[in-house]
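A single chain, nothing else alongside it, follows as structure tokens in the form predicted alone.
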Amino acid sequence: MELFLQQVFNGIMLGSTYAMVALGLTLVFGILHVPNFAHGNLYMLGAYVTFFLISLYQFGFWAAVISSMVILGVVGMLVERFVYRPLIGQPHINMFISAIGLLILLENSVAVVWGTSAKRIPHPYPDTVHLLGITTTQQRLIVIVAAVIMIILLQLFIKKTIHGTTIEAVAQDREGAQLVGINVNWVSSMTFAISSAFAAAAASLMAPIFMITPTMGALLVMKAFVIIILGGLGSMQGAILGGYILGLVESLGGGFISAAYKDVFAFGALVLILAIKPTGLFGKESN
């Protein structure tokens, strides 16, 4: 039982990270209706910015995390403005190619600046915690708590603020939103900023636990796409639930079957759920 609870806890921690990354990707997909394959590399860049601020400028951990979110928010706005916005209305393949180009550019730029060797941020909270037979570190608990807080704040922002309402309006009908006076370009930039900031937060929180490398975003973005397809394209609730499902599947499968195949379990879960519900958990049938 203790092993089971330990794996469930690890799955919730992984799921918290996946949910934050998938939420950002879902927001961008809702605005542009094009998958942003560079999202995983923005996640990677967020981890490196945090590492850079802590190692070179001696930032405290939370100061570095918040600074990384702000910096990646600005980067996200620049990406939207100069990479994606000029391609709106063009064939989707153009945005796809631009995303791949941006992915390669970010990955190689980080490799040139910081090198290709793996790095890790020193543990800001290394103390061990024992709870209900589970042994973990404070940092892992912080990942879960911080993710829940950020998810709740994002939900409140989307549902309770004017800016959040405009994001929903543009996601539902870009031309209609423009006709009623919504500045869709600003909404797109704001959405990219939020998306990139969430990716930076997830990466920064996980950086003291796992090693960071220039290629760390490649598999993660694939998993994020699994999550948003699993939850239903464009569904924020689906992205959250899908993230935690994927984390639990990986952790339980890796813990009780084989850690070597934990990534295979994730894609297997996708196939199984889509075979039962092709639109995803929260997807709607198209008319």
Partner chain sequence: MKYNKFLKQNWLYLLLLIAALSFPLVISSRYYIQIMITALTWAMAALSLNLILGYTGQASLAHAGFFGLGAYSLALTTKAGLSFWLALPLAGAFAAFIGLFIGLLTLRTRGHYFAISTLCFGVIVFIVAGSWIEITKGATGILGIPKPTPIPIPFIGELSFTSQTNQYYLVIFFLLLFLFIIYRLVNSLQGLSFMAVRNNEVLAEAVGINTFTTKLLSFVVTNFLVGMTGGIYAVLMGGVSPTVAGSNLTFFWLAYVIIGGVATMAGPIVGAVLVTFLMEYMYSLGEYRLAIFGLILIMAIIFFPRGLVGVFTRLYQKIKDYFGGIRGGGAGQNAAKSRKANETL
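Numbering follows the first chain given and starts at 1. Remember, it's a predicted structure, so these values are computed and weren't measured experimentally. By rigid core we mean the largest C-alpha set that fits within 1.5 Å across both forms.
From this point on, the text means the form predicted together with the partner chain, which you will not see here.
- Comment: 109-117 is the region of 192-200, 144-152, 109-117, 70-78 lying near the partner chain in the model of the complex, near meaning a non-hydrogen atom within 4.5 Å.
- Residue contact check for Val226: one or more of its heavy atoms lie within 4.5 Å of the partner chain in the model of the complex.
- For the chain shown alone, Ser188 is not a contact residue for the partner chain in the model of the complex, no non-hydrogen atom being within 4.5 angstroms.
- Contact annotation for Tyr48: none of its heavy atoms lies within 4.5 Å of the partner chain in the model of the complex.
- Under a 4.5 angstroms non-hydrogen atom cutoff, the partner chain in the model of the complex lacks Ile66 among its neighbouring residues.
- Scanning Phe29, Phe61, Phe52, Tyr244 against the partner chain in the model of the complex with a 4.5 Å heavy atom cut-off leaves one residue, Phe29.
- Contacts of stretch 61-90 with the partner chain in the model of the complex, defined by any heavy atom lying within 4.5 Å, are made by Phe82, Val83, Pro86, Leu87, Gln90, listed in sequence order.
- Residue displacement note: Ala266 has its CA displaced by at least 2 Å between this form and the one not shown (rigid core superposed).
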